[in-house]
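Just one chain follows, in the form predicted alone, and it is written as structure tokens.
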């Protein structure tokens, strides 16, 4: 299998093998071996749940720091949707956006406005598509989850880019024309709320190459923005999104912006998995649109944010009401995107996470062996063997990465004999 680049990494020296991440990983991508956690790359979807729950901060996300922008002649800050919810409502969000000039950026672009554009595009697709339900593309962790665990639903995914990508393309196009710059001299950096966004930049799905050049965690710049807020000199009108676009930061925001009745908005990776299972079984054909988020509360719940996700969600709700609805005319949208591609150009291929053997007959034999071993195991899913459950343990035994005696119950039985 082609190796997949991941933004989530483990610092082994900090890990004490506590099994918390093992139990919380939604795709069973973590094992405990020799007293340390190990991430199985082909299973990981970079949702960041392990980063969130690790009490020893042994998981981290590969990301850019502020100095990375110096590699480019012209620097663009893509202010993300969750950033709206990170500051108290008495802070002028447009002033916050202008702070990015003080940090060394030459242009600041409101990604929530790109969400307004995406709303218009999605609305047209929903009107003219018979596939039910269509699946939103805002959360890259969910798209990769579908690629790994629900490949039959790939055709349900709306094939337009996320607001992050749309914003990067529009901002670069604008900078190139206004300042007569070569596109290669322009660096667009996304202020990210989660590691899944970082992965989607390095290894995008649906397109060959991302227009975004790097991702800076909101955590790493938040304090800098607070410090310079009162001293900022510029007062450009950067905030241009409607309440609908801002609302994309919380669960249900996309559906609300589309004025839909037959939709389902789900947050929390385990909840999303349960609903996708029902969609795959054809039990939810009565809904037209599904938006799923790996993080509880939506993007405002991302592990690289700073604010309590429920507080941030409430702020987003109030800001959505404050800025209200604004329907972009189709002609205006077409003018904005006429010089940029916003549709996917590449097919998303299913990824097998349990490839037992190249030979189909041997693979079937190994699957049967997994079931046989699973029946021998106690079924208590204690995690003491270093696998999240007994079935995963059986898979590891067949793949040769574990042995039956790793299970303390099996070891006890052997010792009794």
Partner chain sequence: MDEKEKNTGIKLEYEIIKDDFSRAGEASSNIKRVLRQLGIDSSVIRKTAIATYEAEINVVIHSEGGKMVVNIEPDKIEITAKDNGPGIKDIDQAMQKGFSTASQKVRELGFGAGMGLPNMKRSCDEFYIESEFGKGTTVKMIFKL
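Residue numbers count along the first chain shown, from 1. Small disclaimer: the values here were computed from a predicted structure and weren't measured.
From this point on, the text means the form predicted in complex with the partner chain, which you will not see here.
K.L.:
Consider the chain as shown here, without its partner, and state which of 152, 130, 90, 223 has a heavy atom within 4.5 Å of the partner chain in the predicted bound form.
P.N.:
Exactly one residue meets the criterion: 152.
K.L.:
Of 337, 279, 96, 126, which one comes within 4.5 Å of the partner chain in the predicted bound form, counting heavy atoms only?
P.N.:
None of the others qualify; the residue that does is 279.
K.L.:
Report the stretch among 136-144, 328-336, 279-287, 251-259 that approaches the partner chain in the predicted bound form to within 4.5 Å, counting heavy atoms only.
P.N.:
Every other range fails; the passing one is 279-287.
K.L.:
So in the predicted bound form, is the partner chain close enough to residue 391 to count as touching (4.5 Å, heavy atoms)?
P.N.:
Taking the distances in the predicted bound form, the answer for residue 391 is yes, it comes within 4.5 Å of the partner chain.
K.L.:
In the predicted bound form, does residue 361 have a heavy atom within 4.5 Å of the partner chain?
P.N.:
Result yes; residue 361 sits at the interface with the partner chain in the predicted bound form.
K.L.:
Considering only heavy atoms, tell me if residue 315 and the partner chain come within 4.5 Å of each other in the predicted bound form.
P.N.:
No.
K.L.:
In the predicted bound form, does residue 156 come within 4.5 Å of the partner chain, counting heavy atoms only?
P.N.:
Result yes; residue 156 sits at the interface with the partner chain in the predicted bound form.
K.L.:
Check each residue of 362-401 against the partner chain in the predicted bound form and list those with a heavy atom within 4.5 Å, in sequence order.
P.N.:
Stretch hits, in order: 363, 364, 365, 367, 368, 371, 391, 395.
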